[in-house]
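One chain is shown next in structure tokens, namely the form predicted on its own.
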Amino acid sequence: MARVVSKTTYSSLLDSVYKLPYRNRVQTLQKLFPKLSVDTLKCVVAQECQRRMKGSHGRLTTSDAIEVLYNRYKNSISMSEEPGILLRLSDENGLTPALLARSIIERHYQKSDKSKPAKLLVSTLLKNTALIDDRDLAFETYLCLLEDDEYGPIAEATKQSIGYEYEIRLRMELEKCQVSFLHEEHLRVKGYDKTPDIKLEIPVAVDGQVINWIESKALFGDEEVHRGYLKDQLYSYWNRFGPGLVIYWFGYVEDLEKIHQNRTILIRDALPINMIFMGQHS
């Protein structure tokens, strides 16, 4: 399955993402883009959803908008509609299921002066829906958290787990290649604040470029994502350790390296098998 995506294909993929409803988009996209891996499609969908939410969350969660949704939810409960009420409202409203559930919980636990409940309370209820004092709302919230791949405690735990899984995979592959390295925890003990996932103790060469460090990203790299990491992390690594490599395990848009031609940061979708070190091929 292809993981390095042409700009034309990526543009077409985004157009399709925008036109499809929030839930079950990946299944439809698999049919439209059969050459792209499921992991790549999931990542692109997740990242575009997060961008859309950043732009529309404030507008969709005003007190008036949530009051309307809460009243509709309560009315549906009183009419004994089948479970999945909040999911259907999510499809209609544009908020992801978990974000909608959070807003409904905030309204349900609204204080007498109409101020929102404590964030800690809301977070606790989302992590354990059995603590919600209304049985119907507890079940509706549970369904929303199960259906949301981008927001909520289940989604966050999954993303953290996947990120760590690929960091461990990178370490294991380097050990298999007999590459000597320090990982993030080692570097922090030494007093470094911003640290790459891997600092090579002996540099290697990849396609004629010397590599001193490796950063693992269990996501898809497009221009916006990559520019963000360059600003927040990668340029700092380059300034401190020299040229490096970032791995976008779920693929990336072609020609990303052109963004930083004056600073060598290679981009790959896996650990290169053509590394050269100590005068030997790995």
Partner chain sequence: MLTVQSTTCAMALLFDLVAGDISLIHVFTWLTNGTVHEDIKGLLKNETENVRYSFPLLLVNFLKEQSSSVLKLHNVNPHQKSNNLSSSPKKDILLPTVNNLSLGSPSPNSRNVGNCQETRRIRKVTPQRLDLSSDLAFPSLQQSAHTKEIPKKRRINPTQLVDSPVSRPPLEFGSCSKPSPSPNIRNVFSQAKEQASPKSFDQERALLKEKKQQLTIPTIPDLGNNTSKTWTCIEPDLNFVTHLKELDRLSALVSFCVSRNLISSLYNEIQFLIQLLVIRVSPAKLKQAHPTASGLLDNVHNCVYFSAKTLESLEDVWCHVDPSTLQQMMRNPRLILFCPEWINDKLTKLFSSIKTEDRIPQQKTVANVAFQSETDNRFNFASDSSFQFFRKQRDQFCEVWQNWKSNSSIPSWNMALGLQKMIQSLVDLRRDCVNYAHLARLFRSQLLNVAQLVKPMNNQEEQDGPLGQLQSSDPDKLRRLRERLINPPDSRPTRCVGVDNDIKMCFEGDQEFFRDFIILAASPSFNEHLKSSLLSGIEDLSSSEDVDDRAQFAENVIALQVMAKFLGFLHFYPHASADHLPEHIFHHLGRLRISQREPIDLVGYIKEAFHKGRLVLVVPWIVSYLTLADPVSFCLPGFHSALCHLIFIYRKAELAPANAFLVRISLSWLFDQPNFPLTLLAKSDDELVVEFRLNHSLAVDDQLPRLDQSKYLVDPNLIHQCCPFLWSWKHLLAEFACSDAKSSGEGKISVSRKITPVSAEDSPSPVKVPAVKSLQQSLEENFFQNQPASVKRTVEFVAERLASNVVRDVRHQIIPRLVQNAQTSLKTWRNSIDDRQSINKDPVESLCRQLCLQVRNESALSATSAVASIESTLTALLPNDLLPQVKRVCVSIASNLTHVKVVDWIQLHVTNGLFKNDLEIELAKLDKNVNRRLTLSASVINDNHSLVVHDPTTLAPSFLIERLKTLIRQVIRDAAKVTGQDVAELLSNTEGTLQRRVDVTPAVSKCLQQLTFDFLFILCVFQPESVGTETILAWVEFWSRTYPSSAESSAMATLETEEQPPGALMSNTSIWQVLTPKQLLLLAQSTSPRDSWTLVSTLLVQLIKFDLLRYKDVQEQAVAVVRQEWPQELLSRFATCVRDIVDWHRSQQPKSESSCPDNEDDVDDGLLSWLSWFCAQDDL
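Worth saying up front: this structure is predicted, and the values here are computed from it rather than measured. Positions refer to the first chain, counted from 1. Rigid core: the largest C-alpha set superposing within 1.5 Å between the two forms.
In what follows, reference is made to the form predicted together with the partner chain, a form of this protein that is not presented.
The contact residue chosen from 62, 239, 30, 56 relative to the partner chain in the predicted bound form is 239, the criterion being a non-hydrogen atom within 4.5 angstroms. Residue contact with the partner chain in the predicted bound form: residue 128 places a heavy atom within 4.5 Å of it.
Using a 4.5 angstroms limit between non-hydrogen atoms, residue 193 touches the partner chain in the predicted bound form. The partner chain is not drawn, but in the predicted bound form it has no heavy atom within 4.5 Å of residue 79. The shortest heavy atom separation between residue 173 and the partner chain in the predicted bound form exceeds 4.5 Å. Taking the partner chain as positioned in the predicted bound form, the residues of 161-186 that bring a heavy atom within 4.5 Å of it are, in sequence order, 161, 162, 164, 165, 168, 172. Positional change of residue 178 between this form and the one not shown stays under 2 Å at the C-alpha, relative to the superposed core.
A movement of the C-alpha atom of residue 207 falling short of 2 angstroms is seen between this form and the one not shown when the two forms are aligned on their rigid core.
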